[in-house]
Each structure stands twice: as structure tokens, then as C-alpha cells.
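Okay, so here's just one chain, in C-alpha cells, the form predicted on its own.
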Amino acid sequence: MNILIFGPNGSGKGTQGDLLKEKFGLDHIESGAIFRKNISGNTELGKKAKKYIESGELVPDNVTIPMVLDVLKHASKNGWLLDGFPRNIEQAKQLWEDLLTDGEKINYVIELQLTRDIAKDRIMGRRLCVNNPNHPNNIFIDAIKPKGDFCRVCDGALSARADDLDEDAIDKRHNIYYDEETGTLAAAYFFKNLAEEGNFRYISLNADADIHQIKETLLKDIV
């Protein structure tokens, strides 16, 4: 089973992705982790990516796309859940073309929908567990409030990412995500328009719903 998941920062995408990973034994492939692995491993693509990251620039598609496609080709036989890629319409088109070339298919595309204002509040309240950053902890959401400075799931120590508290940084990330012309939403809609032709399901969910309700809906819709 292969799944693409879309959602703005703050939508609970990591939490729901972790759920699907555990339920179906999938490789949870996150674009950020791919960058870190290539950079720490000093690969040729990692060296190129590092130069752009250190200069504060976005890593170009001709570096990002080969990294992601290589990981997909070596994923678990159970399949993969791809999170954080594609980020723009060109990456979406290239991903689809390469999947077709390799005889791979997509089974589900999930879009977690959330307004910018709510997403921003959620990001600023997000706290990351040292044991598992996908454990849901948010000081502004009653249902998943942490135990003070400790994870509500495993009692691990919590911290906040510096860029999660930087409103300008959040706005910059969201400008890319909510762009329906060339950004991440454009990539999501590219797959939405392909769903019937590509023989996969496109599932849209309200990410402002209770986290457990979203979980139940996902497990019901994905078989």
C-alpha cells in the first residue's frame, strides 16, 4: 500500500501518518529526514542540498526529487507513506511520471484541511517529545495538552522548535503550502484530478476535528 499525505504544518499530519505507519507496517518517508540522512551521510546529493540549506535557499527540485525517488525504490514491501513531498506542482508531476515508469501505484492520497489561522495557532502550541516527535502534544488543544513539560503519551521531555515560535517563519512555510497555483496545494489538487484515471482514492478530512475522530475516519476509509 502506497499513500501520499498532504496537510499544512499544524494539521496533525505527522500524528496521523505515524498511526497509518503502525497500522499497515509502512515506511513513513519524510522529506526532512531524507535531507538529514543524505547530509549526515555526505552523499553527493547531500552535499548539494547542504549548500542551499546553509545559504537559506530552498533546495531545488533537481536535488530533492532524486533523493525522494531513491528512498521510495528501497521502501518496505508493505509500501510507503510519503509525507512532506511533493511540495509543488512540478514535483508532483515528476513523482507521478516516475511512479508510472517504475510500475508503482498510489493507493490513497490524503488531504488534511485546515485554515491558516488555526494551523498557525497549533504550530505555536506544538511541543515535541524527545522519544517520538509524532506523539501529539499541544499546549493550546485541551484534548492533547501535555503533562506540564512532559509528553502526555510516554512522559518524555518536551521541547519547542525555534521556528515553531517564529511567526515570520510560519508564514513563509504556509505561503508555500497554501499556494494553489504552483505550491503544495497545487500538488495535492494535481493528484485529486488524477484520482479516477490513476485508480486511487483521494480522501479529504477536516483537520480541525477531534484527533480521535480523524483517526477513526482514516481507519474506516483505508482498507
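Take the two forms, find the largest set of C-alpha atoms that superpose within 1.5 Å, and that set is the rigid core. Numbering starts at 1 and runs along the sequence shown. Everything numeric in this text was worked out from a predicted model, so none of it was measured.
The following text describes the form predicted together with a small molecule, which does not appear among the structures shown.
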{"query": "Sole residue of 195, 53, 157, 160 within 4.5 Å of the small molecule in the predicted bound form, by heavy atom", "finding": "53"}
{"query": "Heavy atom within 4.5 Å of the small molecule in the predicted bound form - the one residue of 57, 181, 167, 44 that qualifies", "finding": "57"}
{"query": "Interface membership of residue 190, the small molecule in the predicted bound form, 4.5 Å heavy atom rule", "finding": "no"}
{"query": "Partner contact for residue 38 in the predicted bound form: the small molecule, 4.5 angstroms, heavy atom", "finding": "no"}
{"query": "Residue contact check: residue 91 to the small molecule in the predicted bound form, 4.5 Å heavy atom", "finding": "yes"}
{"query": "Residue 173, heavy atom within 4.5 angstroms of the small molecule in the predicted bound form", "finding": "yes"}
{"query": "Segment assignment from 127-135, 80-88, 105-113, 141-149: heavy atom within 4.5 Å of the small molecule in the predicted bound form", "finding": "80-88"}
{"query": "Core-superposed C-alpha of residue 39 shifting 2 Å or more between the shown form and the other one", "finding": "yes"}
{"query": "Pair residue 72/residue 161, Cα separation in the predicted bound form versus the displayed form, closer or farther by 3 angstroms or more", "finding": "farther"}
